[in-house]
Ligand SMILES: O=P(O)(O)OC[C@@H](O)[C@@H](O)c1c[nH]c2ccccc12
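Okay, so here's just one chain, in structure tokens, the form predicted alone.
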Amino acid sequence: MTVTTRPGGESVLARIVADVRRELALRMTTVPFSQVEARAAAAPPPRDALPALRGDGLRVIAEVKRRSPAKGPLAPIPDPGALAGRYVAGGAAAISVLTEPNWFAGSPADLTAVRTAVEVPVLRKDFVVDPYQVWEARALGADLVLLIVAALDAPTLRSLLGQVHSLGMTALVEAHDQAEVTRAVEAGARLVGVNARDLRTLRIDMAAFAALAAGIPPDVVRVAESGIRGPADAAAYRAAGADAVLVGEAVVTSPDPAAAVAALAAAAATEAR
């Protein structure tokens, strides 16, 4: 795949984060932090996601995802809650919800709909760069928040991770190379995702997880992300040490989302850790 940058060399990730910061600045002037804080305080307590994502077999985090920068439109998803319910019926251990509007066609309303529909842990998947977004996630009922190492400097990563933990949530800290895995672990991550897709270039490297898994301590839950086309890929990730896989396109485009999730989990159900 050709490296996806602007002529000046700006990566896809940098462009997404710039858009997120503009949207965030507008939201922060429209909805004062005091309101977000009050909503977060009134939200039901967060679910503990770590036990749900580790155990015998492979756990599946199924994603509510309408589009992606790499593939464009994936599915219209008129009822995110109903889709999440089908994922859970197929055995999904958690649901990931894209809330970024410009590149992924997501919204906070999608997360609210999913939270209302299912009892499993729910991940707010967005480009979190400010504590305001962490409090937003809690106000929406999220149990997990995505933190992308490549989008954050070390002090900001550590600060946001501490904020997530202080609100009782779990951070899925996403890395794509050894330096980022090291930063995630040193910051105190308890849940580390290795993304086979480098968000700066949109390139996929299916060997990334196997190459990096050994650098993740055994007490940290390991998630393999991206590039999962079906059960064979899920089984390969499990054999390489994944506790869970995060899957979007393969399940959201399936005519039978419940069966797609069940097949992914079953493919590696008996693999030894």
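From 1 onward, residues are counted along the sequence shown. Since the structure is predicted, the reported quantities are computational estimates derived from the model, not experimental observations.
As for the form predicted together with this ligand, it is not shown, yet the points below apply to it.
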ask   = Counting only heavy atoms and a 4.5 Å cutoff, which of 52 to 60, 211 to 219, 32 to 40, 244 to 252 contacts this ligand in the predicted complex?
value = 244 to 252
query = Just one of I148, V145, L161, L191 has a heavy atom within 4.5 Å of this ligand in the predicted complex. Which one?
reply = I148
note = Checking V181, L140, L83, L98 against this ligand in the predicted complex, the residue with a non-hydrogen atom inside 4.5 angstroms turns out to be L98
inquiry  = Within 4.5 Å, heavy atoms only: does N195 come near this ligand in the predicted complex?
reply    = yes
message = Please tell me whether any heavy atom belonging to E174 falls inside 4.5 Å of a heavy atom of this ligand, as the geometry stands in the predicted complex.
response = yes
query = Would G227 show up as a contact with this ligand in the predicted complex if we use heavy atoms at 4.5 Å?
reply = yes
request  = Using the partner position in the predicted complex, report whether R124 sits within 4.5 Å of this ligand, counting heavy atoms only.
outcome  = no
inquiry  = Between this ligand and R47, W135 and M169, in the predicted complex, does every residue show a non-hydrogen atom at 4.5 Å or closer?
reply    = no
